[in-house]
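The chain below stands alone and is given as structure tokens, in the form predicted on its own.
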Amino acid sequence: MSILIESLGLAAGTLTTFSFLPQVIKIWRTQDVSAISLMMYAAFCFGVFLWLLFGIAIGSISLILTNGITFLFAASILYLKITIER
């Protein structure tokens, strides 16, 4: 894959990946997960995990890095949703 295409993927992935960070921080600070949908985050985490596997399969560093980090952020939100509501 060309460097230009991978750079475009990294730029797009970085923006979408770090859009989750404010949500993680807010939930961590407030412990309020009432507005978070369990089913949506479960499905989203699974989808991002599949994108990560796809990135690994095709050897795309932009897909691997951004979906790996996005998975960690989204899984953190899912974990907080499950544990805080207990």
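Since this is a predicted model, take the numbers as computed values, not measurements. For every residue, the number given is its place in the sequence shown, counted from 1.
One more form of this protein, predicted together with another copy of the chain, exists but is not displayed; see below.
- Among heavy atoms of Ile84, none comes within 4.5 Å of another copy of the chain in the model of the complex.
- Another copy of the chain is not shown here, and in the model of the complex it never comes within 4.5 Å of any heavy atom of Leu65.
- Though the partner is left out of this view, Ala75 does not reach within 4.5 Å of another copy of the chain in the model of the complex, counting heavy atoms only.
- In the model of the complex, no heavy atom of Phe71 sits within 4.5 Å of another copy of the chain.
- In the model of the complex, the residues of 31 to 64 lying within 4.5 Å of another copy of the chain by at least one heavy atom are, in order, Asp32, Val33, Ser34, Ala35, Ile36, Ser37, Met39, Met40, Tyr41, Ala43, Phe44, Phe46, Gly47, Val48, Leu50, Trp51, Leu53, Phe54, Ala57, Ile58.
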